[in-house]
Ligand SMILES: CC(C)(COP(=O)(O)OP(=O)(O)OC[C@H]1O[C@@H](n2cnc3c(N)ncnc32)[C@H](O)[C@@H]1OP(=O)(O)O)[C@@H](O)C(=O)NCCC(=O)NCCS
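We begin with a single chain expressed as structure tokens, specifically the form predicted alone.
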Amino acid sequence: MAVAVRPAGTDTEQLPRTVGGREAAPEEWREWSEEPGHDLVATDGGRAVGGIHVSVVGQTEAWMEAIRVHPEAQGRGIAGQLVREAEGVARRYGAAVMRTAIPVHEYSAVAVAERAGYRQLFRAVVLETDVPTGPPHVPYDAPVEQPRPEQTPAVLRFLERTQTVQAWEKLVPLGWRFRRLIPELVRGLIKDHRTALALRPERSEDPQACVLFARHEDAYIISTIDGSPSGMQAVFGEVVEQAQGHAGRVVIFTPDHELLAPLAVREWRHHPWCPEGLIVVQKNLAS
């Protein structure tokens, strides 16, 4: 019997996130998601044998994740079928590109993506540390402020010039999903008080560092932090101060562990879902 892929409903049987000992998505991916999405399920004779999640993350951008196939059904092209169906959903919502992130050690998933026409964009590392106790270090020469919505163009220009955003081809992660850094995104983060700037004392409107972050019950997530060493220390201290008493850990995305050296954190741990980092891949759906 042919495998059928269809949208999953509230009463549809689906595979769990962990199948055959492999975690198809990190433990927090639903809690950290910032937009709704669509679950697709592959069935064979009424039995769920595969699944995938797809979300539209911008006007022309989509993201897929949590792809898994039951061990007994592997080798039948079901993963590729799920990817094609997810692309179809994204096209119907106007997405021109699809992206996903794959743990570096998941060689089979990388191979599935390559066969489906995805190209590697860049790598990212996901690290975490316990929220430090005691007052955070805030350098005197890097006063921190929350930017105002009218500062969106200046914040965007600063971020676009940073080594982090350039390494990520002008994409930034929110939760586990990377999307294009555009004015609307930056403005929304500023309005939600999820952005902090370290300023230069001699020019109060000229930032020397910037951080983009999110608050969750289990963790504060830093999606981007870059700038001068003292500026990075200052905005990191702002996030730590907010996290104290509210969350147990800080999670950070970065292109390279070495870029975080100015933060002087001694005990970074690699996230267990992607201990060797992530590969972000992309496909043009318009072609």
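These numbers were taken from a predicted model, which means no experiment stands behind them. Throughout, we count residues from 1 along the sequence that is shown.
Only in words, not in the display: the form predicted together with this ligand, which the text now covers.
Note on the partner interface in the predicted complex: the residue among Val155, Leu181, Ala124, Val112 having a heavy atom within 4.5 angstroms of this ligand is Val112. For the options Pro139, Gly77, Pro201, Gly94, the residue carrying a heavy atom within 4.5 angstroms of this ligand in the predicted complex is Gly77. Using a 4.5 Å cut-off to this ligand in the predicted complex, each of Val19, Ile67 and Ser108 places a heavy atom inside that distance. Within 4.5 Å of any heavy atom of this ligand in the predicted complex lies no heavy atom of Pro132. With a 4.5 Å cutoff on heavy atoms, Pro173 does not count as touching this ligand in the predicted complex; it lies far away. Using a 4.5 angstroms threshold between heavy atoms, Ala101 counts as touching this ligand in the predicted complex. Shown alone, this chain has one stretch from 185 to 193, 139 to 147, 77 to 85, 213 to 221 that lies within 4.5 Å of this ligand in the predicted complex by heavy atoms: 77 to 85.
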